[in-house]
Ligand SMILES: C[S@@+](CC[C@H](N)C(=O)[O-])C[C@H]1O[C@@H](n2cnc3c(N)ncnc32)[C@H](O)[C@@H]1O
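As a starting point, one isolated chain is supplied in structure tokens, in the form predicted on its own.
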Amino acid sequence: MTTASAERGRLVELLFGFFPGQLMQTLARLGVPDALGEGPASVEELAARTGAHPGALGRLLRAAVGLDLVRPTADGRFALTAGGELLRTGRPGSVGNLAQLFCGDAVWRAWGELEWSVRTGEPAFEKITGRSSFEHMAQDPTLNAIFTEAMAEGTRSAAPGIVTSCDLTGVGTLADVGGGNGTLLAAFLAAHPGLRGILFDTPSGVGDPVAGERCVVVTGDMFAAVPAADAHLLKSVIHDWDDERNVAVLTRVREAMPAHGTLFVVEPVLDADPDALAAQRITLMSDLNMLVLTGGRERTEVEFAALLDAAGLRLTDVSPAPPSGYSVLRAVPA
């Protein structure tokens, strides 16, 4: 195969990349992985359970076989593969809710307006819904539940590395700002028996908290005020917002910090070297996702340092948090 042909093949594979995403979203939304989690089933059995057209569902399952998500059994039924297991609800490492979130209706349509966002610099989500992404989710209980669990799914996988990368020596209370249902805070509390937690988010963001008895749940607006604590945690919050909004949040955190306080910011960090970007494809796609959904962005270490500095904080170190793609940025009062 010539170099040109190989390159064309690579580009075509990228162009077709959204097809498998919709296949996974459709499987998850129909509940096929959960149904097959109870054991192999025929197309007819799955169609009856999901309300799908048998012929069309059979074609979807055939494509899923090609993507190694399901496998045919000797008696003509279908069973989950190891990959398909990760589309089930509540499984360790599951991406089922993530598939429904990012390939679902509103996010899907927002990505269809990527050109508009690039031309205007504005989030397409607001164009198609008339509301910000967070306002929209707060008014859609189903989508909000999918979002909350999708974030929790990712956090459960990343939590061990994040917890290990945060030095909590001398910390009695840890406030997780924008902490969702408390999945990450629960991991910190489990790792540090003497630690007490404060879970802070909007009422719709908290949902059904899971952080446990050593955690106090406080709801409010992080742009107005955040609870005081020995240390504060911001995971996947900074990338949601533009610089002005982030400086406001970080300033509220700085106001709540004692002189000895520490802030841990957990985000991917873009490499400033263009030659390193090929290894950061997920972060690069997340950057565009933030563009079309919230108006936020992914950032380099220099850009994070500038935000922190504007809020009266000083970046002291950046540590990777493997096996996830996150890094932990540690900051203290300037």
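Here the structure is a predicted model, which is why all the values come from computation and not from measurement. One rule holds for the numbers: they count along the sequence shown, beginning at 1.
Quick note: we don't show the form predicted in complex with the named molecule, though the next part is all about it.
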Counting only non-hydrogen atoms, which stretch in 90-98, 73-81, 175-183, 108-116 is within 4.5 Å of the named molecule in the predicted complex? 175-183
Glu244 versus the named molecule, in the predicted complex: is there a non-hydrogen atom within 4.5 Å? no
With heavy atoms only and a cut-off of 4.5 Å, decide whether Asp221 touches the named molecule in the predicted complex. yes
Ile128: heavy atom within 4.5 Å of the named molecule in the predicted complex? no
Touches the named molecule in the predicted complex: Gly104 (any heavy atom, 4.5 Å): no
Answer option from Gly261, Gly205, Gly161, Pro123, heavy atom within 4.5 Å of the named molecule in the predicted complex: Gly205
Could you work out which of Glu85, Asp230, Asp140, Asp240 is the residue within 4.5 angstroms of the named molecule in the predicted complex, going by heavy atoms? Asp240
Is any part of 142-179 within 4.5 angstroms of the named molecule in the predicted complex by a non-hydrogen atom, and which residues would that be? Phe147, Met151, Thr155, Gly178, Gly179
